[in-house]
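In the form predicted on its own, a lone chain appears below as C-alpha cells.
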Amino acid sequence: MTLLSDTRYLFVRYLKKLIRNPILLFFSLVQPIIFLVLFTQLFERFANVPGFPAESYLIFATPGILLQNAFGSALQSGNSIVSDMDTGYLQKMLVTPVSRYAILLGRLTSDAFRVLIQSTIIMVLAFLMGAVPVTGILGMLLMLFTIAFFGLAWSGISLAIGLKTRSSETVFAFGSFLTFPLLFMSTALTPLDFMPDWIQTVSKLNPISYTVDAVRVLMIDGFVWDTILSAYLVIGLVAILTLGSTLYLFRKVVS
C-alpha cells in the first residue's frame, strides 16, 4: 500500500502544480489547435481526391492531431525531472521514507493525465467542428485511453534523456528533432496510399502510424479490433523499451 499511497500523493502534488500554473497545460495545445482549426480547413478539398478514406479531411486528420499533441507533450516530460533535480526537490524526496518507485510513477501518471486532459480539449473542439466518432461515447473513451497509453509509453524516452543528461535544453532539442519527422512520416495527416513509396515503408515501421490507425478506425469505421489490438501491442513494446530504460537510469540516480 505504501507504493500506491505514495504514488497518489505525488500525483496530487504534480496536479496541484499544474492547477497553479495552467499555462503548462495549454502551452503545448497551441500548435495542435492551429492544425485543427486552420490546417484541416486548408486541406479540406483533399477529401475529394478519389480513394480518400474519409468523408472529410477534418474527420481523417483529427486522430493524427490528437497523436501529435500526445507525442509532443510526452517528449517534453523529461523537463520536469530535470527541474526536480536542479531545484533539489528530488534529493529531498530521497531522504524521506517515500517509495523510490512512487517518485517515478507519480511523474509518469501525472504526465499521462495531462495528455488526457489536453486530448479531451482537442476532441471536444473537433466535435464542435463536426468530427463525430461513429463509435459514440464508448469509442471516445477508448480513443482517450489509447492516447494516454501512447503518451505514457513515449514519455519514457524524454524521462530517460532527462535522467541521463540532466539538461532541459537537450530534452527540448531531442523532442523537437523527433516530433515532425516521425509525425509526417506516419499516417497521421496523410493516407498511406497517397505517400511516396519510401515514406510508405517508413510509415509501416512507425509506431505513430499504428496508434493513429487505431484511433482513426474508432472515429470512422467502428470497433475494428485487429487494428486496435495491433496498436496496443506496438505501444506495449515501446513502453517496455522506454520505461525500462527510464527505470534503469532512475535506479542509478537514486543510488
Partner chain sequence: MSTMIDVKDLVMVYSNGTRAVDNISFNVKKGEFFGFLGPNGAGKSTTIKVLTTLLKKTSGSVHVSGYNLDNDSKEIRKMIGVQSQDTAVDGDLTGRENLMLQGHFQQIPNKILKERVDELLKLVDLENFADKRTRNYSGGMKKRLDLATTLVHRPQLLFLDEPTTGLDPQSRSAIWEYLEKINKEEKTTIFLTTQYMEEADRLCRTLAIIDTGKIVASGSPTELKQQLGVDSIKITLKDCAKDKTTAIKILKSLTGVSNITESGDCLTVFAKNASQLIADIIRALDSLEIRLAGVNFSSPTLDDVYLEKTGKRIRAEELTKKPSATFMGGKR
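Positions refer to the first chain, counted from 1. Remember, predicted model here, so these are calculated numbers, not experimental data.
Keep in mind the form predicted in complex with its partner chain is missing from the figure; the text below concerns it.
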If contact means a heavy atom within 4.5 Å, which one of 179 to 187, 150 to 158, 97 to 105, 116 to 124 is the stretch that engages its partner chain in the predicted complex? 97 to 105
With heavy atoms only and a cut-off of 4.5 Å, decide whether residue 91 touches its partner chain in the predicted complex. yes
Taking heavy atoms and a 4.5 Å cut-off, does residue 10 contact its partner chain in the predicted complex? yes
State yes only if every one of 2, 20 and 87 has a non-hydrogen atom within 4.5 Å of its partner chain in the predicted complex; otherwise state no. yes
